[in-house]
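First, one chain by itself in structure tokens, the form predicted on its own.
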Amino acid sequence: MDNEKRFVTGLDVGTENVRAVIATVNKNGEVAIVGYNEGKSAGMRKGIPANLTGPAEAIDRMLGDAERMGGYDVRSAYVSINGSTVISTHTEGMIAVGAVEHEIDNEDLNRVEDVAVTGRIPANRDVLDVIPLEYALDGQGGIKDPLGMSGARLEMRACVVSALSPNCENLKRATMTADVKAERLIPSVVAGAKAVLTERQKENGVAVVDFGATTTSIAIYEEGDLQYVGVIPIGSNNITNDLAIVLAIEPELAEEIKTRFITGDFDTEKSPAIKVGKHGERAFDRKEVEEVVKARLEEIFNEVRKKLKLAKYDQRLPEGIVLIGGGAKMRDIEIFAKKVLESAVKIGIPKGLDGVAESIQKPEFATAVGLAMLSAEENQYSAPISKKSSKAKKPGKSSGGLLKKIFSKF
């Protein structure tokens, strides 16, 4: 692989949108974006697959332009997973490793990790990641990496991230139906954190809030490590739906009002009427609209604060809160979030990228970018298959092909 281009792909499968980022990785591990795209999702409910056909077809449609841009045929990717079944659990494990002069090796680390996970994570959950928080050797704690050290008893505290097994399996099947292998499933907020956070922020203490369409996810970092993950089953689409119901209008118009006329500071000096349409033929009372939006935003960010309190990090994060996701596009949303959370809040933008990265330096692309960056960091490169030289159409690259692949399983 040293003399060939090394490709990585991040595939963010959301309830409202599907986004992909294709990148090359040089010998120094630097990521350069070569292709990207986004499209409407289907068959997903609150981050969980409701069927296989919808997500597969959405992925299939969206990937076409990204592949043409990057000149690369995507066959595998790091894929996001979301939904309220994604949780973190703190566990502990201890093993005897031999005499005091025994040197800790990788086998010992794997054994203590198994002890920390086995029996502590229910059998109906898939472990997505195990983050060692601290090791102790013969009672001496505070060790970040015991490899090569000597001791007779090894202990570990860890943060284990997991999700319900059926959700993981169905997401993998959906991507495979689109002829894309999910090399690894990563919580969307954790992937987004990779793209927007600095090492200093993670060391000092920071939370990332992924404000999505139907879910809002939280990831907390301190001392360089992930400490907590939680998901709230409400998002920015709830605001749109509230407006559609209260104003008795179609959701498309409610979305336009939300994105064009609402700001997080709820400035009362603005015009009392909101007018939409080519000639402003439809008018709505601004006060009524803002009351609807404000009520739902308060609910969402109060739920975020409850999660912070549950994790014992409320008002204990020196680096504050970083907002990502499509909901973070609402103008001045950070002003409103700061008031509710009583913490510093800013919008997170993917950073440290080369190539055609300007168009994806947006909060909604943080997860897809982070997935590609994690794939590069973990040396999970894809085989360099040229889109131009691909002689045969990929199986499943049509609606009929997708349906055939699904029914062939039964």
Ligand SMILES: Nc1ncnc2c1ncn2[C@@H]1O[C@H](COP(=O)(O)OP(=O)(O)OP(=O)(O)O)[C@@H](O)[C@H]1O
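Note that residue numbering begins at 1 and tracks the sequence as displayed. In this text the structure is predicted, and so the values were computed from the model without any measurement.
There is another form of the same protein, the form predicted together with this ligand; it is not shown, and what comes next is about it.
Novice: Given that this ligand is not shown alongside this chain, does K258 nevertheless sit within 4.5 Å of it in the predicted complex, heavy atom to heavy atom?
Specialist: K258: yes, in contact with this ligand in the predicted complex.
Novice: Any of the heavy atoms of G10 lying within 4.5 Å of this ligand in the predicted complex?
Specialist: Result no; G10 lies far from this ligand in the predicted complex.
Novice: Heavy atom to heavy atom, is I321 within 4.5 Å of this ligand in the predicted complex?
Specialist: No, I321 sits far enough from this ligand in the predicted complex that none of its heavy atoms falls within 4.5 Å.
Novice: Flag G327 as yes or no: does it have a non-hydrogen atom within 4.5 angstroms of any non-hydrogen atom of this ligand in the predicted complex?
Specialist: The answer is yes: G327 has a heavy atom within 4.5 Å of this ligand.
Novice: Would you say all of P49, P55 and N170 touch this ligand in the predicted complex, counting a heavy atom within 4.5 Å as a touch?
Specialist: Not one of the three qualifies.
Novice: Name the stretch: of 170 to 178, 328 to 336, 157 to 165, 104 to 112, exactly one has residues whose heavy atoms fall within 4.5 Å of this ligand in the predicted complex.
Specialist: It is 328 to 336 that comes within 4.5 Å of the partner.
Novice: Exactly one of Q201, S76, T214, T91 has a non-hydrogen atom within 4.5 Å of this ligand in the predicted complex; which residue is it?
Specialist: After the contact test, the surviving option is T214.
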